[in-house]
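There is one chain below, alone, in structure tokens, taken in the form predicted alone.
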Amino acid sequence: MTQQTNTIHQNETFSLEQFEQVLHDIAERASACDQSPDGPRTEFRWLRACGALQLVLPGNLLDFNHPNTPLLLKLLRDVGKANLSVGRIFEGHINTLYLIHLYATKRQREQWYAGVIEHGHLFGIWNTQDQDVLTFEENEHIMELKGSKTFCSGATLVNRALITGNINNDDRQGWQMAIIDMDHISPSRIDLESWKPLGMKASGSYKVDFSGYHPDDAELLGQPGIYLNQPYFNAGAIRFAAVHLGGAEAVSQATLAYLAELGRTDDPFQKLRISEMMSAVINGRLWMEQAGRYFDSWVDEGGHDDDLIAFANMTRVNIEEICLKVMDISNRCVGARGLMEQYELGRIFRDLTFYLRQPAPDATRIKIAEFFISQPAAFNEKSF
């Protein structure tokens, strides 16, 4: 860890001290951000300035070409702790750059990476379908998008959006990725009335209509169907789980601060609750650390796809349970008074409750069971 910290200080495009100050400022501004019609525009200006948007690019601290996943997950956790809406958008940026790393041509990588380095481009990934599903149509060799995506986090902030849709032409058939230049999408195509959530308001996860956009071949990422390639598709859940855990850490920190302010930390019942809450948070950190280590070693070795997917699924569901547990304990610690508007906990609870609602939670648990049913020896193997 010392070696990695030294690398941070030596990196010309990233300052640890500046990044930590940015996270502090993001946390301080979280309530104002939640009420701002611009969302976290200021926050991402700060993240650009400290080099955080290019951390995973070649030659940078968390270069995807090297085994950096544990530290990446820690940084995602830290951003989520500062503000879950910012963490959601930032994780989407990292996720998109990872898919570019995996599947883009050399020329595409150079172009999209240059956008981040030279222009501070923010990337997003929007896969959720609405009723007007997105398709790639072709007429007289001219490609055109039809349809929408919903839950498009950072829709008014993202410069380049990775979207998915069905394509069916002479050269390509299946579920296709494309990276769209949002400068060519009219603001009127972003439905600002479509996002009225319980929490995560500042993420600005609006519906976007891409109809009429003409993507060219250089904007198509990878071959049809490759988006769902394993183990990367399921194993990527550890990144959003890291942001979730950051939210749980924010809850625990705010709870301790509230109890200290009221002089309640000497109460033996509160001490019991604090013990249980902090044990859950540390348990989450251990899950994330091991998930990062497994991701790096198993992807590098190959032949561990099923193991990696199973552990990523277990990490995701355990982090969810930890987050729910921490919120429940915190509620009992602070009572109704701690949820009043002048305190941060109400907003964090709303954001984390909403953000935890990821797709197919029950199916994920069933897949975990099926893994150990089909491979009973895995439980006794050294790797687990």
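Since the structure is predicted, the reported quantities are computational estimates derived from the model, not experimental observations. So that there is no doubt, residue numbering starts at 1 and follows the sequence shown.
Absent from the display: the form predicted in complex with a small molecule. The rest refers to it.
Give me the residue from 242, 291, 79, 152 that has a heavy atom within 4.5 Å of the small molecule in the predicted complex. The residue from 242, 291, 79, 152 that makes the contact is 152.
Only one of 145, 314, 157, 125 gets a heavy atom within 4.5 Å of the small molecule in the predicted complex. Which one? None of the others qualify; the residue that does is 125.
State yes or no: in the predicted complex, is some non-hydrogen atom of residue 357 no more than 4.5 angstroms from a non-hydrogen atom of the small molecule? Contact check for residue 357: yes, within 4.5 Å of the small molecule in the predicted complex.
Non-hydrogen atom contact residue 376 with the small molecule in the predicted complex at 4.5 angstroms: Heavy-atom contact with the small molecule at 4.5 Å: absent for residue 376.
Since only the chain is shown here, I'm wondering whether residue 370 would be in contact with the small molecule in the predicted complex (any heavy atom pair within 4.5 Å). No, no contact at 4.5 Å.
With the cut-off set at 4.5 Å between non-hydrogen atoms, does residue 205 touch the small molecule in the predicted complex? Yes.
Among 269-277, 126-134, 109-117, 207-215, the region lying within 4.5 Å of the small molecule in the predicted complex by heavy atom distance: Contact criterion met by 126-134 only.
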